[in-house]
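Okay, here we've got a single chain as structure tokens, the form predicted alone, with questions on binding and movement later.
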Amino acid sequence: MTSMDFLLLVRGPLLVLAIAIFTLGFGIRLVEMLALGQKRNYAEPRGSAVLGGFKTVYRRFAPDPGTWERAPFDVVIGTLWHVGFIAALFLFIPHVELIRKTFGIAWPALPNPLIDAITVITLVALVAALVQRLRNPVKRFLSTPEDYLVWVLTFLPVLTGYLAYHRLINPYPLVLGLHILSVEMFLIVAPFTKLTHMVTAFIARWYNGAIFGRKGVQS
């Protein structure tokens, strides 16, 4: 198999398979969550559940003072790589162009040199997070093989994207194919690991906020 054959494989059937598993997996997850149901609350509402839910989703993006005081390193590093990962995914010109061709929607992208710098920061932050996990006795004790698998699956798309952008591996179709393959691995595993939090975290926040909003208190 040549590098071009490999690229055609990952851009074709493997990509379709990965998207199908990702969509089906998260669909099943959402059905499971909705099937849990919710007990009917007969108490008179004191506030808006919907408004409380959205407020909590927004407020939880900022760390509470206690978390910041206890673990400033985790807050800073976690914020850096999460924001960097999302920026590289959705604001890189080739990615925006791919989304436009696939779904017919697009938005302004950031200049490539800026995304390149963000990618480097993201890689450094991810490595720092791993080192912190390995050096901290409590984190190391609590970590499971899944935690390290999730780290690898998050790190590889960023690393291979950087290598592809700078064409640091030849031939180019090979490194581009490796980048796409790493993304596909992320998509396939995401619905079945802790990566599900990319979707469920927002649902959980909204759910908690809706309960407190109905009670007329702040979550």
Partner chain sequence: MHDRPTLGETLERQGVSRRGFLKFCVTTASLLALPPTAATAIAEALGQARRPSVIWLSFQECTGCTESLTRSFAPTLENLILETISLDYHHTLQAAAGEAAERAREEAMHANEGQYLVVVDGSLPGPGANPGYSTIAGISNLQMLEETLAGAAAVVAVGSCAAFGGLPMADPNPTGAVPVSKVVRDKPVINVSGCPPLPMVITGVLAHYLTFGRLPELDEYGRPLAFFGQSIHDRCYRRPFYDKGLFAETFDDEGAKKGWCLYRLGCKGPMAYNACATMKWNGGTSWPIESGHPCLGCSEPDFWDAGGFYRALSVPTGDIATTAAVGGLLGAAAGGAAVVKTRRAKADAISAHRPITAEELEQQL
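Positions refer to the first chain, counted from 1. Computed from a predicted model, the values in this text were never measured in an experiment.
Keep in mind the form predicted together with its partner chain is missing from the figure; the text below concerns it.
The candidate stretches are 67 to 75, 80 to 88, 127 to 135, 100 to 108, and the one lying within 4.5 Å of its partner chain in the predicted complex by heavy atoms is 100 to 108. At the 4.5 Å threshold, heavy atoms of A201 stay clear of its partner chain in the predicted complex, well away from it. Not displayed here, its partner chain is approached by I28 to within 4.5 Å at the level of heavy atoms in the predicted complex. Although the partner is absent here, N41 sits far enough away that none of its heavy atoms falls within 4.5 Å of its partner chain in the predicted complex. Shown alone here, R167 lies within 4.5 Å of its partner chain in the predicted complex, counting heavy atoms only.
Along 10 to 24, these residues reach a heavy atom to within 4.5 Å of its partner chain in the predicted complex: R11, G12, L15, V16, I19, A20, T23, L24.
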